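Just one chain follows, in the form predicted alone, and it is written as structure tokens.
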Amino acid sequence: MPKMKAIAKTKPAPGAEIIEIDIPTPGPDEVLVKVLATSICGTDLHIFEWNKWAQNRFKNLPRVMGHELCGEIIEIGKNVENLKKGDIISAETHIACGHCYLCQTGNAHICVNGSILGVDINGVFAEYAVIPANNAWVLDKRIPKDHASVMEPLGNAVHTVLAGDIAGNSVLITGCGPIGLMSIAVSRICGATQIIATEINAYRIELAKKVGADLVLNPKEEKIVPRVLGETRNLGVDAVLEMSGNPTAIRDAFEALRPGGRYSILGIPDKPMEIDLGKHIVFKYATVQGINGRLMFSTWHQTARFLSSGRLDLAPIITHRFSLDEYEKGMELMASGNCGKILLYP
């Protein structure tokens, strides 16, 4: 059986390993892809660092990590009719069952029986990977392969930005990690008239300015709420896109949201936190949304159109590239915050 290299979580402790395993064989409804590029997600960093979330979420080791990719289909399962060898794909990483209540009502992104690449099943930090045919997204030739690798996290940004009105609105984006940066860029091309971002890392503050933020505030250097209110004629922003998972940032953003505004949350706090429901939601008449993944597959259509149009430039957000063997450098950079999106090449 031919072998391949892969990055795997092999034991319940910090770190990961390069291992050699059999190249997987696709099932009847799957495809085998040669991984051309893959990218590191915050989830991968949590798994690498073995934080509380990873400890509670990971059940079976070893597990090949990674879920974001661009790949070339090299083998097709016997039931697959809509794909062919040579297709270049990205992939939806939430694998839905297709038959539960949520799947049947257009909410497959929150399928109760779903699994996730690189978490519940082997992922794509490898030379080859198996992808369910239903999850493969064939790329428009106008989309660069590097950009294709980050279509999945870009979809998170697109979903969050477009979960409510954005054109003509003011928006506060809390946290300028890769998806926060993407949210700034998407908000800009979708017609937001005032984009305020918050971030504590100097490297990412400069990136946020480069991709379209009108104002980037550092909460370590100034009080966020008075400044945002001052910038919005004491009304507050029309929308908050929460990307940080930081409890202080979350509470400040509620204070900075105008009455009747929209608060969309993608960031996940490390542990439960307390907010004032009466003050921040009920009396403010706020619409609060939890954002989980991408709508399957309307968000993919939107994301692909943004990239095909050439209007959305991801080049400033993709800041580092390493070989698969150099994954530890990528994890160190992610932990430092001195990066945008990091790509790995098998």
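Note that residue numbering begins at 1 and tracks the sequence as displayed. Please read these numbers as outputs of a predicted model, since none were measured by experiment.
What follows is about the form predicted together with nicotinamide-adenine-dinucleotide (NAD), which we do not show.
Chemist: Work out which of G164, G245, G77, P144 lies within 4.5 Å of nicotinamide-adenine-dinucleotide (NAD) in the model of the complex, going by heavy atoms.
Modeler: Selected residue: G245.
Chemist: Just one of S308, T319, N292, S298 has a heavy atom within 4.5 angstroms of nicotinamide-adenine-dinucleotide (NAD) in the model of the complex, so which one?
Modeler: By the 4.5 Å heavy-atom cutoff, the listed residue in contact is N292.
Chemist: What stretch, of 197-205, 84-92, 117-125, 164-172, brings heavy atoms to within 4.5 Å of nicotinamide-adenine-dinucleotide (NAD) in the model of the complex?
Modeler: Among the candidates, contact is made by 197-205.
Chemist: Would you confirm whether the three residues A192, G212 and L312 all fall within 4.5 Å of nicotinamide-adenine-dinucleotide (NAD) in the model of the complex, going by non-hydrogen atoms?
Modeler: No: none of A192, G212 and L312 comes within 4.5 Å of nicotinamide-adenine-dinucleotide (NAD) in the model of the complex.
Chemist: With the cut-off set at 4.5 Å between non-hydrogen atoms, does G267 touch nicotinamide-adenine-dinucleotide (NAD) in the model of the complex?
Modeler: G267 belongs to the contact set for nicotinamide-adenine-dinucleotide (NAD).
Chemist: Indicate whether nicotinamide-adenine-dinucleotide (NAD) has at least one heavy atom within 4.5 Å of a heavy atom of L139 in the model of the complex.
Modeler: Close contact is absent here: in the model of the complex, L139 is far from nicotinamide-adenine-dinucleotide (NAD), nothing within 4.5 Å, heavy atoms only.
Chemist: Residue-level question: is A249 within 4.5 Å of nicotinamide-adenine-dinucleotide (NAD) in the model of the complex, judged on heavy atoms?
Modeler: Yes, contact at 4.5 Å.
Chemist: Do G177 and nicotinamide-adenine-dinucleotide (NAD) share at least one heavy atom pair within 4.5 Å in the model of the complex?
Modeler: Residue-level check for G177: yes, a contact with nicotinamide-adenine-dinucleotide (NAD).
Chemist: For the stretch 140-166, I need every residue with any heavy atom inside 4.5 Å of nicotinamide-adenine-dinucleotide (NAD) in the model of the complex, listed N to C.
Modeler: Contacting residue: only N156.
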